[in-house]
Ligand code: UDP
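Taking the form predicted alone, here's one chain by itself in structure tokens.
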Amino acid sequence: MASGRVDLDGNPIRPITICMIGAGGFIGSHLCEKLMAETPHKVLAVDVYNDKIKHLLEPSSLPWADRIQFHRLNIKNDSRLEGLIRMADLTINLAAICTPADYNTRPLDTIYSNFIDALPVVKYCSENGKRLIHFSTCEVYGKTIGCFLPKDSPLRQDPAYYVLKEDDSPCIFGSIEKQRWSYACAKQLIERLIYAEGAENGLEFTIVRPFNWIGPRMDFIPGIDGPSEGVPRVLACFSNNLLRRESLKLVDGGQSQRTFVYIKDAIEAVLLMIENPARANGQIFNVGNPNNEVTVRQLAEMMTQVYSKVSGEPPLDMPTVDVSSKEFYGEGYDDSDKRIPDMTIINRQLGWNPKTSLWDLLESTLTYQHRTYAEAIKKATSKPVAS
């Protein structure tokens, strides 16, 4: 760990204590790794599970052992939460239900998880004068203006109609019966509450809007490395198909467009937010990679090629099949057409730009997933059979 570290303005960075809610998840595990390896900060790691950070907690002889503590608790109903927030200088809230298949099949759980359960976190930070970094989502933008233009309109090529800006773009959701927007609405409302706490009560906050963060340890094997119920997100769905030698399912033709950013690039951005409060407080940051834009169909084609390379297996004879959104996700599903982040604010405030290409981040992710899947299969087949 480097000594004499300074922030972007040349000021010495003092060690702080961070209460990280959701530390055991995909993003939290990478952020904990970064903090332990490269900073002097302490982490109070809060989660229900710790599988993805066990390598940071054991053995007790690890060089950072005195700087990370795991607290197993559910923020819904545990009175210890306020005490942990009081002990910390900064709270980072990563907790959420954030799987698209849940948005219209479990809308109540989705709304409670992303709004109701987050209320005490915001309240405790505000009342105790603690800084908050809250993770929101790019889904708060909903649909682009461009998707409402005629299909042959030249304005569809104008970035003003589809590039998403934190302080300018409208948030356009589908109708109420399209329960897929339960997640986006809950996330937007908690953003508004945080912003109001800052305006009225002086809460120091930063809001992060991730645009498809991808990398090792993201959930991808239902029941092994992810939830056993429901349908995972697009990249995890495709990973599962490839690992099982199944055709990749393209919802409604795979025409939606997305951008993807490598988790290690994104964590660099979060560390800059943590260590530069004067530049990050009161800001909402898009964190994505507009250079890694593809349609979902193009993503499927690229993942098929990358997986063939990392696994040594030949590509499938029928790599993709088309399915309807109703068939795949059920009633009430709807989708955004494009999610292209404007990077002006984060570049101006923190000087951050993503580095990793889509091919490279897919290769890193699929290499990890192929190895993990092979280990899981080997473990399952080596178990003794009960007589």
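These figures come from a predicted structure and were not determined experimentally. Position 1 is the first residue in the sequence shown; the rest follow in order.
Keep in mind the form predicted together with ligand UDP is missing from the figure; the text below concerns it.
J.: Residue 352: heavy atom within 4.5 Å of ligand UDP in the predicted complex?
T.: Residue 352: no, not in contact with ligand UDP in the predicted complex.
J.: In the predicted complex, is there a heavy atom of ligand UDP that lies within 4.5 Å of any heavy atom of residue 328, even though the partner is absent here?
T.: Looking in the predicted complex, residue contacts with ligand UDP include residue 328, since a heavy atom lies within 4.5 Å.
J.: My question is simply whether residue 342 lines the interface with ligand UDP in the predicted complex - judged by any non-hydrogen atom within 4.5 Å.
T.: Because no heavy atom of residue 342 falls inside 4.5 Å of ligand UDP in the predicted complex, the answer is no.
J.: Do residue 130 and ligand UDP share at least one heavy atom pair within 4.5 Å in the predicted complex?
T.: Because no heavy atom of residue 130 falls inside 4.5 Å of ligand UDP in the predicted complex, the answer is no.
J.: In the predicted complex, do 192, 204 and 280 all put a heavy atom within 4.5 Å of ligand UDP?
T.: No residue of the spot touches ligand UDP in the predicted complex.
J.: Quick check on this chain: which one of 90, 269, 250, 303 has a heavy atom within 4.5 Å of ligand UDP in the predicted complex?
T.: Among 90, 269, 250, 303, a heavy atom within 4.5 Å of ligand UDP in the predicted complex occurs only for 250.
J.: Taking ligand UDP in the predicted complex as the reference, which of 311, 212, 240, 169 has a non-hydrogen atom within 4.5 Å?
T.: Selected option: 212.
J.: Would you point out which of 36 to 44, 58 to 66, 333 to 341, 356 to 364 contains residues with a non-hydrogen atom within 4.5 Å of ligand UDP in the predicted complex?
T.: Of the stretches listed, the one contacting the partner is 333 to 341.
J.: Given a 4.5 Å distance limit between heavy atoms, list every residue of 251 to 270 close to ligand UDP in the predicted complex, or none if there are none.
T.: Residues within 4.5 Å: 251, 256, 258.
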